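Take a look at this single chain in C-alpha cells; it is the form predicted on its own.
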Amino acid sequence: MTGTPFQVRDAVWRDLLALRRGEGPGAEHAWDPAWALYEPIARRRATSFVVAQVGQSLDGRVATVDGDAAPISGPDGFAHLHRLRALADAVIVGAGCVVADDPRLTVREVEGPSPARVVIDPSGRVPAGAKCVAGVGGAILVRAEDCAATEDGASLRLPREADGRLCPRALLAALADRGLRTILVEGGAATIRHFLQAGLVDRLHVTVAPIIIGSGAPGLLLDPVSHLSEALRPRCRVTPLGSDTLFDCAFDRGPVEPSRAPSA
C-alpha cells in the first residue's frame, strides 16, 4: 500500500479524548486526517449520534461457515475499533453476538475509557457469565416487556415491534435519558441491520481486511431491494489504515427525540 501511513498522533488522540469529555475544540488539528475521521464521533451533542462498525473480509464475510471470526481484522483495524469504543458513551451488541463471540467490549488497544456495555437480549438468552455482563460495572441488559424475569434482572425493558424485535428508537431514547448519546453499534449483523433499516445510523464504518474467505457469515445483510434506486447511497470517504482499509460512510437522518421509555 502506497502513500503516507495513517497514524493517530498522541497529541491528536489526547485532544480527541478531551473533546469527548466536552473540553476544548482542538481546532489546531483541523488539517489532521485522524482528527477529521474521529472528531465527528468525539464531539458532544444534545441528541443521539450512532456509529455502526463492521470489520470484514474482501468478500464481505465476518466469519467462516463454522463461526471462526478471528483473525479477520488486522491490527490497525482492531485498533480503530478500540478507538471507536473509547470515544463512545455506550457500545451496543445483540444477544447473538454475545453468545457466539463472548466479547469483552472494553478498551484495551488504545488509551481511553471503556464505554457502557448494552446488550439487546429480548428473551433473556445471554448467560450470566458472559464477559461483557460479568465484567467490572456489568452491562445494561435490554429485555422485552413480556420476557419472564431472570435472576440477573434487566436494566431496561422495552416493547417488542411487530417482528418481535425491540424498537431501536426507543432504546436510543432510553440511553439518552441516561446521558448516553454517542452510541457504537458493534454487532452482530442483525443488530446493525435493524439500526440501519430504521434510519438511525449517522456513520457506518466498514473496515476491510485483505483476506478472502469465500463463504460464511456476511458483515452486512439488509432486506432485498428490486432496484438499485432503492439501495442506500451514503457519502463515503476511504482511509487506508495500514493492515485494513476503512470506508467511512455518512448518512443524513433526523434527531432521535427524547422519550420517557420504560426503564424498570
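Numbers follow the displayed sequence, beginning with 1. Please read all numbers here as calculations on a predicted model, not as lab measurements.
We do not show the form predicted together with a small molecule, though everything after this point is about it.
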Contact residue in the predicted bound form, from 181, 157, 82, 165 (heavy atom within 4.5 Å of the small molecule): 165
Residue within 4.5 Å of the small molecule in the predicted bound form by heavy atom, from 107, 189, 130, 170, is 189
Want to guess which of 225-233, 49-57, 36-44, 196-204 is within 4.5 Å of the small molecule in the predicted bound form, heavy atoms only? 49-57
For the small molecule, considered in the predicted bound form: do all three of 90, 112 and 176 come within 4.5 Å of it, counting heavy atoms only? no
Contact flag, residue 141 vs the small molecule in the predicted bound form, heavy atom cut 4.5 Å: no
May I ask you to state whether residue 134 is within 4.5 Å of the small molecule in the predicted bound form, using heavy atom distances? no
Can you work out whether residue 63 and the small molecule are in contact in the predicted bound form, taking contact to mean some heavy atom pair no more than 4.5 Å apart? yes
Contact with the small molecule in the predicted bound form for residue 213, defined as at least one heavy atom pair within 4.5 Å: yes or no? no
